[in-house]
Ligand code: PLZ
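Given next, in structure tokens, is a single chain: the form predicted on its own.
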């Protein structure tokens, strides 16, 4: 089966079954085209996309500026390992990320291929800068699928059977108000961790998503993030802000941490950063970023020039006049309608999120109902994703280029699917 032959849905599904390992979980949707906030399957059926390739398309599929930048760079060269020969797009992305840094520090940036790789390098940088080994992460965290980031991730399905995992990773509670974990509870748990398991003087970094992504779209309360920043300052711990899913405009501001008025030490970006191409970054205070020795950081494809060209277009779009205003309009529309929907359907326990990064948590701590909802929605023409430790959270990641009509249409389908699940 060759791609140019325009394989049928059945051919792709059969090929997937034969040639792709079962560990790569997929739906039965076969996509052949995408544009804006819509995707089309092999039969030509159109769907509203509320998944965005798992937050990789905040600007929408086929963004004109991104596509143009990619074509222009492809005509120059596809690859030139930055360690062999430096090139302007890599440096330009680092310069732009310095300009968009959520604080006053002078920064430097390391570019990589994926969010997991970037998190792993953030830990390396923190360890080199502090001379310490310990890493503190939180309940319901998702940081990746490499050996170290599996140890940092708080969901069994991503690491079961893959041990032994990396050591010196310590987990603390995170606030989860809907399920009864307050900021006070979480800080008490962190205090216990430092009394029972690891001396804070042995901790290199604390890694936190300002809005937990795979963990259930749980925004961290401002008082928790402020307390964590103070704790890091007290003990000389590097504060790592994981913005792989919450960043690049997903919450309205370019970085979610901007909404908390807290400056991190290192910020990890990814997903939408590459505009659909693999790219992630670690940006941080220059003196921290310079801690590893020459040759200690790098990678063959990290900061690929085509991905960098796309990223420059993405970052320009995110910082353009009107982007935040439109994102806030979308957030208001989504939140208003989700609150209305939740009021009508008793299976919905909570609407939550930050800006346009919103979700519905279903009351039952099981993935059965959410599976029924996402399946029914897809049958009706809407692509949705679930998340959460129990798989009972339905997350909304529509492109921020979506029209009001597309958003309303998708929300209407979501409401119908919830109704089907409630009565089924």
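Numbering follows the first chain given and starts at 1. This is a predicted model, so every value here is computed, not measured.
Although it is not shown, the form predicted in complex with the ligand is what the next lines describe.
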property	result
Partner-proximal stretch of 171-179, 115-123, 128-136, 256-264 relative to the ligand in the model of the complex, 4.5 angstroms, heavy atom	115-123
Option touching the ligand, based on a heavy atom within 4.5 Å in the model of the complex, out of 239, 82, 224, 142	142
Listed residue that, although the ligand is not shown, lies within 4.5 Å of it in the model of the complex (heavy atoms), from 245, 304, 109, 251	245
Any non-hydrogen atom of residue 214 within 4.5 angstroms of the ligand in the model of the complex	yes
4.5 Å heavy atom contact, residue 158 to the ligand in the model of the complex	yes
Contact flag, residue 54 vs the ligand in the model of the complex, heavy atom cut 4.5 Å	yes
Contact set, 256-272 vs the ligand in the model of the complex - heavy atom within 4.5 angstroms	271
